[in-house]
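Included below are structure tokens for two forms of one protein chain, each presented in isolation as structure 1 and structure 2.
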Structure 1
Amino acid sequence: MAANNTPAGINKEQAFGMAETEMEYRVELFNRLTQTCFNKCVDKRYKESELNMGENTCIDRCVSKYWQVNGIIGQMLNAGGQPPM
């Protein structure tokens, strides 16, 4: 007998729709993260084919802060708008 991985009360079509929405959210999040950190950290006048040390460091910090803030916002939404402790 195959295990049913969908939560109780949700049919397969609803589960598929939820998974599709989650995937769209993740793609949009990645695109915003990429665009935000690229615009902030990479010089508009390309001088080299590779990122320099300063650009690498900036992107690393930008991505880290972006994920940290995204996590905090997710916690706040799950807690009904209350800031995490």
Structure 2
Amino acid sequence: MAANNTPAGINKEQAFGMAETEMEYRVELFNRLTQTCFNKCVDKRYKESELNMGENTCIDRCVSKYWQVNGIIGQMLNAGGQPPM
């Protein structure tokens, strides 16, 4: 998501602003990913406090797929022009 078409004269304040936005985006991505994969993979009956092997596998695969979807959407938005910010 790094903007690579900024003008050469970008000032420090803008750079900090972009860095902050980028970090917030990553945190948000992580949080949504965590919530989503928990909902999809973990049994809500909470029979025990450990994650079982099936859940672990599901989580790994869920994260991987979510990441791929994230990439696809990112490419599509880039191709269509700047994402609205």
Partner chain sequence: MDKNMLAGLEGLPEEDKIRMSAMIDHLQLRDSLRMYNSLVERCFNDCVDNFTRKTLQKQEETCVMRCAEKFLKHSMRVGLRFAELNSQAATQD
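What we label the rigid core is the largest C-alpha set whose atoms superpose within 1.5 Å from one form to the other. Structure 1 provides the reference sequence; residues are numbered from 1 along it. The shown structure was predicted, so the numbers you read here are calculated from the model rather than taken from an experiment.
- Comparing the two isolated copies of the chain, the second one is the form predicted together with the partner chain.
- Once the rigid core is used as the reference frame, the Cα position of residue 26 differs between structure 1 and structure 2 by less than 2 Å.
- Relative to the superposed rigid core, the position of the CA of residue 49 differs between structure 1 and structure 2 by 2 Å or more.
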